[in-house]
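Just one chain is shown here, as structure tokens, and it is the form predicted on its own.
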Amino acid sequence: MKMETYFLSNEDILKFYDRIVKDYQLYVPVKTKTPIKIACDYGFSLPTDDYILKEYSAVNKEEIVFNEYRPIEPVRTFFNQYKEEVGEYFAQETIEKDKKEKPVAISGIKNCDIFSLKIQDFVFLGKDDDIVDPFYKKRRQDALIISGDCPGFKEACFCRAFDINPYCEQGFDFNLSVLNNGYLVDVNSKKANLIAGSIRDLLTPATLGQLSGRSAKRDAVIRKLDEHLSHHKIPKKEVLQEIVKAGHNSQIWHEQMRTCVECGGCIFMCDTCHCFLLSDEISGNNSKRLRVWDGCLLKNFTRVAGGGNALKMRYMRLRNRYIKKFDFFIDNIGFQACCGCGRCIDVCPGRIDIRNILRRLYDEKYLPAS
């Protein structure tokens, strides 16, 4: 369907959400306090607030905000739970149980999150129905995505380094853009159009002036973000595969892992990571099969029966992570498995910075040693 754009005033945003909760379990952004405050080394005055997504019915309406940039949690948490039962040995009820879940509506996700879903879709939906993950598929199909423009960015944000804009143009049902005393609301799917049709009294067609105003705001954010990223000197996406492969024997992997404490923060907060472990657990007279998130930076990720471990050293695991993101995925779907959200930078207690590693790999390949 052709996307339509409307204006929604500030005082009607809760009415918009109230309509959505009739059909969905709605999550909305609220501010939260965290100890994670990374200052910009290049003199930019950037916001340091953090946002989390909470269930609409569980928050005071005064707490709901329009988040300037992506929330703390990656969007994949709504489609692929950290730990969930995927089967029982002596029962066939698991998928039927999942069908009873109320579909989720997620407000406050950003274009980096939308990009990351391309990776998750590739892994869990594939190209062949024989290998589709039914849990992921159902949640993904049923969900209502309410994305939003980024009128600001954190120090760790680097989406534009990979030509990902801080606003959405596809992959959402609704998109909200802050404009003066309200929002421009893009309606981009049949299920969004159904909701919009039921609240026509709240929506007025966007004017050319409002659309031009949004374009100007978007351009201003891009200019500021590009200026900020120019100081970080992050390699372009076109050379990512080349520099990672060329740096296979680089000392960078060894140096960077000196401060790694294997907390797993980077892999569990990553928007594009997707590895999991299947384990069994006794439950009464039955045995459950559980799917639990796993990650390639953890020591036992490749450990097999007999004790063998193909990635027994930390530098090997870091290198493997970059090969997966910037070689495997580029080979298989044509783009990198990194959306530039910067969550791995924010969460790392060892101050390991993906931007720095990519820049150093580029320098090693292209700049002469001094």
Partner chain sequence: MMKNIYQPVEAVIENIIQETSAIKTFTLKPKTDFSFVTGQFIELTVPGLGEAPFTPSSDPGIKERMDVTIMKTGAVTSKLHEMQKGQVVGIRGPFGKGYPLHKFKGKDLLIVGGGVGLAPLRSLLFSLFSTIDNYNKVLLRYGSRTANDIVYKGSIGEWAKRDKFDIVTSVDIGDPSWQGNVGLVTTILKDMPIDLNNASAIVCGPPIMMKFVTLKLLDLGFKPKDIYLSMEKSMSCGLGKCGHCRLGKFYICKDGPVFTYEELKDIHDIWD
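Worth saying up front: this structure is predicted, and the values here are computed from it rather than measured. Numbering follows the first chain given and starts at 1.
Just so you know, the form predicted together with the partner chain exists too; it's not on screen, but the next bit is about it.
- Partner proximity in the predicted complex, defined as non-hydrogen atoms within 4.5 angstroms of the partner chain, places exactly one of 228 to 236, 188 to 196, 132 to 140, 205 to 213 at the interface: 132 to 140.
- Within this chain, Asp294 lines the site of the partner chain in the predicted complex, having a heavy atom no more than 4.5 Å away.
- Within this chain, Arg319 lines the site of the partner chain in the predicted complex, having a heavy atom no more than 4.5 Å away.
- A residue is said to contact a partner when one of its heavy atoms sits within 4.5 Å of a partner heavy atom; Asp219 fails this definition for the partner chain in the predicted complex, lying far away.
- Using a 4.5 angstroms threshold between heavy atoms, Val123 counts as touching the partner chain in the predicted complex.
- Comment: the partner chain is not present in this chain, but in the predicted complex one of Cys40, Ala310, Ile333, Val65 has a heavy atom within 4.5 Å of it, namely Ala310.
- Of the candidates Pro103, Gly87, Gly264, Gly152, Gly87 is the one whose heavy atoms come within 4.5 Å of the partner chain in the predicted complex; the others do not.
- Taking the partner chain as positioned in the predicted complex, the only residue of 228 to 263 that brings a heavy atom within 4.5 Å of it is His248.
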